[in-house]
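Take a look at the structure tokens below, where one protein chain is shown in two forms, each on its own, as structure 1 and structure 2.
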Structure 1
Amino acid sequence: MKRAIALIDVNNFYASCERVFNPTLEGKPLVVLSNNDGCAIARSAKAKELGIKMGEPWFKLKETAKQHGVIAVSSNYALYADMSNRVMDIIGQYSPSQEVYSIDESFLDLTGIQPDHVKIAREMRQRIKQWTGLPVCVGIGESKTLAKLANHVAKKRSEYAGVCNLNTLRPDALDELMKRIDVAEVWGIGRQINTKLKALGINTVYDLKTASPEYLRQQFNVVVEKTHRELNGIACMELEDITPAKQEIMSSRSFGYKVRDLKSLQEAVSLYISTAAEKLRRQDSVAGAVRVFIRTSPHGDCPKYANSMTIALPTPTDDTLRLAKTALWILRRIYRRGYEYHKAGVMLTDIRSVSSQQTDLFTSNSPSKLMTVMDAVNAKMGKSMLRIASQGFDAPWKMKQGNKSPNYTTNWKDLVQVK
């Protein structure tokens, strides 16, 4: 029996979420901006038609946007995360084996589940649309890479009506299809590898599929060789239906305004370490090392400075207070006066599970009562209701979000009113 891996993916996810709650956006060019309203990170179909690229800085787009009536909104992650959970729950009803791959994508193992996978996919699309208002496309193939490719076909070619199952194609038809797709569309082939492949005369998906694996191994590395196998229907990447714990946890932000003083940096780093530590505790882990970095803007001709430092802790911990103490100590060491800082961040590394932790005579591995209470209160009353004092209160440096939609699904005050 052929493996049948499906990839379900929401079309223009962030833009589609905004449209669900504001139907006047329907059919209009819409872009969703990154934090600080920096770049376009999602575009509606109409915005794509105007040639707006993923990741393009907003200040460069403003003129075109004005001419064509493009609507720009700040990103609203609380809304997207909640909508994502709803979609993933629905998808999970169709198979016991699901991997939530990103906020808007999920792999699903359909092997051995009722033979007509296209029928299942169509039903899934219809249900997600009806229950959440979001449009999805489904691609099916023998490996994750093929499922991704099928999803691409489902999206780009209207004759597939949003569902493409490569498993039902005859081998020669599959080859014909692959000859018409640029190798750059393959999952795992990025800019650099694409350039090199093209130089070697490998232009289409078909070319890559039929290339010699030894040659690929010699020219590239095992990653490309795996991709080659996956294109040939040999699954090398298993479905990860149990989410593995993160090996590193990062929290960082660009500032809304340039920051010069140590105090503001201390507040920012305190906030970031609190966020990271909360994530750490949520996955029942402790961190053995803390890294802090600060940097000036890489753009423009301002004086440049960037530095970071990692400190290993005497014993791994998940305690915000201990982590913050270390982070602030590092910050004082790497801070230099006289620069305009643009970004700061913290990273927790050397992460391991609480239960496997080696303790010494003076520490225990039961979670601190203070942290347990803090997490519980913040979960109920809102983020940062209980915080460490070094976080401060005004946060004048915090990011700009000029045009954020309400938290329609996660805040009672923002519930849509029916008039």
Structure 2
Amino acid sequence: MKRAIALIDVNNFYASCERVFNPTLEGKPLVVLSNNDGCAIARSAKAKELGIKMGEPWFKLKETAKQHGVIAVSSNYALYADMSNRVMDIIGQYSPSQEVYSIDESFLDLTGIQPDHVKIAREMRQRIKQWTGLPVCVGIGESKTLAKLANHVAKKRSEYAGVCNLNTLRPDALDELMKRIDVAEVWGIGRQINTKLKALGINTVYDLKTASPEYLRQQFNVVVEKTHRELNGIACMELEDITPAKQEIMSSRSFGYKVRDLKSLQEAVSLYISTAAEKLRRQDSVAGAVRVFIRTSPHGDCPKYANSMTIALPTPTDDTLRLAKTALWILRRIYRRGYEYHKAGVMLTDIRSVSSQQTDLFTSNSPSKLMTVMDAVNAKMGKSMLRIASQGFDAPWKMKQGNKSPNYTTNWKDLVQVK
């Protein structure tokens, strides 16, 4: 039986989420901006046609926007995360083996599940579109790399109507298809590797597929050799049913306005440590060390300053209060007056599983009742509904979101009203 791995990918995910709740954006050049409305992190098909590049600063695009009616919206991560969860839940109904690869991509093992995988893929596309309003493409192959390649074909070639199953192609037809695709489109082939491959005369996917594995191992590393094997239908990367726990958790953000006073920095660091602690508890882990950093902008003529410090905790913990106390202690020691701070952040390190932690008379393997209640309330009532006092409420330093859409699916006040 042929292995059948599917990759389901939402088209222009951030932009598509915005269009679901604002249909007037359909068919228009749309750009989603990064934190503080800095640069383009998502573009609709129309925006791409205008030559707008990923990561291009918004201030450089304003003239183009005026000429062509480009619409820019601030990033709405709460909306995107919720829409992603809905899509992943639908995808998971089609197979017991699913790997959520990113916010808009998921692998699915369809091996042995009904012989007509194209029919399953089309039904999946229709259901996701009907239930969420989001368009997806599906690629199917014998390995993850082939599934990624099939998804690329499904997106770029209209004759496939959003679904490409490489397993159904004859070997000669598959080879002809690979000869027409640049090797840069292969999953895992970055800019440097692509340049070196081209220098060696490996220009297409077919060239890489038919290259000598021993030669590739000599010229590159085991990763490129694995990619070669995957292109030949030998699965070297299995689906991860459970996302491995993170070994480090960072929470940081650039400020919307320059911050000078310690109080504002304390509020920001308190928010970041609370966010990191929630992620820590979500993966049933504890942290043994806390790092805090602050810095001014590297640009402009203002005085420059950057500093950080890491403190090991007496006992690993997932308690927000203990982690915040340590983070604020560090902040007070690295803060210097007279500077305009541009960014702050925290990092939890020395992370280990709660179950592997050796306890004593004064510690427990389970989160405190206060943390359990806090997480439950915030999950039900909204992010930061319960918070530590040092977070404050006004947050004048928070990032700029001058044109942010409402939280349609996560805030009762923002529900769409039909009149």
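Just so we're on the same page, rigid core means the largest C-alpha set that superposes within 1.5 Å between forms. When a residue number appears, read it as a position in the sequence of structure 1, where counting begins at 1. These numbers come from a predicted model, not from an experiment.
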task = Name the structure that matches the description of the form predicted in complex with the DNA.
result = 1
ask   = Comparing between structures 1 and 2 on the rigid core: C-alpha of residue 329 shifted by 2 Å or more?
value = yes
message = Rigid core superposed, CA of residue 125 - does it shift 2 Å or more between structures 1 and 2?
response = no
request  = Using a superposition on the rigid core, decide whether the Cα position of residue 82 changes by 2 angstroms or more between structures 1 and 2.
outcome  = no
message = Fitting the two forms on their rigid core, what distance in Å separates the Cα positions of residue 257 between structures 1 and 2?
response = 2.9
Cα shift between structures 1 and 2 at residue 385, which is computed once both forms share a superposed rigid core (Å) = 4.3
